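In structure tokens, one chain follows: the form predicted alone.
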């Protein structure tokens, strides 16, 4: 990227960031996740670091918060409420330490780590021990007077607790410090800062209540806290049941370590994270390795926390080093936000390519500028079909928000169209298959809430790419499980003309393989033995191996259990197929159509000559789940998910992947997900693992 291009990108990023900052901080509207917002800001910071002469005073990186609301009286802070620079990942936190170490080369750093709460930063001023004022951060220098709202938070004392001299001495404070603390409590002013938050439990309770009352729901707990403190009516704030945790004592008491600020806050009756309490939400770390270990622990267990948390605040514990290290821009050098990996990020779509599936469907895939999402670097995102591209209004070259949750393939959530330069290009699905030159045609692929979705398919039945994917699926572990026939070997067999379809695999001999590259006598023998081993296959795996559109492993099991033989399945009508709990009209049509085509009938006849089908055994178990559809959610301790599914099927039940009005029973293990909530909403019966195991006996 040249400097001129960088300037244009910086200008557009500033405009976009300022817009979303105003929406959130001023209007209390959430229209972008924190992770995506941080990703935009991080890109801007990187560009400004590369071209520092392009940094302007109005850049979002040079300010802390949004404008102070005119609805409230404004308060000037005694000291600026600074923001924190972010570190994403281990390398960036190490780089921060290296930078500050250069400014204090002889210093031995120790650190204090505390969870970075997802709420609203506030300043509290106590005069003669009584709460006098409460203010928001605002723009860092001027905040909003929210004293009446602050008073509704029960976690914030209206009068500070007065600790005894002996108590303060026991906590490690010196005589001079103790004298100043007690005298200031009596006749001076004490300022502390912290985070006002809404717990997850309160957030869920309020949304349930608001839903019943037909009121707008809160977007998330952070937005709930921020919006609550900006209410003109304190009664509404009181209803929100906010909490508060102190993270800093601003008043100078000659403290030597940041950890002492937390200890003092708790001694004064203010809630604060301390390394001796609160489930290790804070910890003094002797070195960087301990910092990284603390971060890794909470990154793994963040979902168990009762409040929102997006990272760890790492503070150089020695207060004396603050003046030496100083402030850069609007952030202190002696403190860093060590963020958890976001589940969303922004990046650029550099191209859109096509993948060809085993059914001939052409799936558009976005080629992304590599970006870390949820701790994993991604460079591809499925676009599903042309309808999805049109819905997103996506063009090649667009800046997009990418989402990834767990092991799910990344999705593009939305396009940031205001960042367009005019060089973006439209994408159109081809009329000719890019692999074989065959005609591309449109067909219905599913029927959801919005009606039928249309896919693009290669109409050439002999398309090399389609055949290769079909063969790869046929030999896969969940299908015929033929070891040794990987993608490269399949390509080789197809190019040599030895294999054109799945039935040809069973005609292979050792002598066909040994002359080929990659094959020696032993490897050829192993492949043939693996092929012969697959000649006896359970009916469910055989059905899955056929590669019928919309028929995966679970549906294949349902078909096998219901029909029992390939003869009955091949003769089933769409009506017969639709009668199954997990088979809808589109899937039924696809299955019936596959068995009606002459080409597939010939292939099936050849396969049945080569393979002996093992029909499902008649279960001797009591059919307690007969004609019932069960859904599993959460972790089961007593048996694996596959064992649970098998136990249900042995007792006459079907296993469904999602909860609907047709669901008979939901089995909930530890930490159940959204399926549990959906079942409660629909009134579907829910049982725990213990009750489920009793039923199986």
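Numbering follows the first chain given and starts at 1. From a predicted model like this one, the values you see are computed outputs, not experimental measurements.
A second form of this protein, the form predicted in complex with ligand IVH, is not displayed here; the remarks below concern that form.
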| item | value |
| --- | --- |
| Selected contact from 195, 191, 343, 576, since only one has a non-hydrogen atom within 4.5 angstroms of ligand IVH in the model of the complex | 195 |
| In the model of the complex, the one of 395, 116, 133, 404 near ligand IVH [non-hydrogen atom within 4.5 angstroms] | 116 |
| Listed range touching ligand IVH, judged in the model of the complex by heavy atoms within 4.5 Å, from 81-89, 461-469, 344-352, 532-540 | 81-89 |
| Contact of residue 381 with ligand IVH in the model of the complex (heavy atom, 4.5 Å) | no |
| Distance check, residue 121 to ligand IVH in the model of the complex, heavy atom within 4.5 Å | yes |
| Residue 557, heavy atom within 4.5 angstroms of ligand IVH in the model of the complex | no |
| Contact of residue 332 with ligand IVH in the model of the complex (heavy atom, 4.5 Å) | yes |
| Residues in 225-247 with any heavy atom within 4.5 Å of ligand IVH in the model of the complex | 247 |
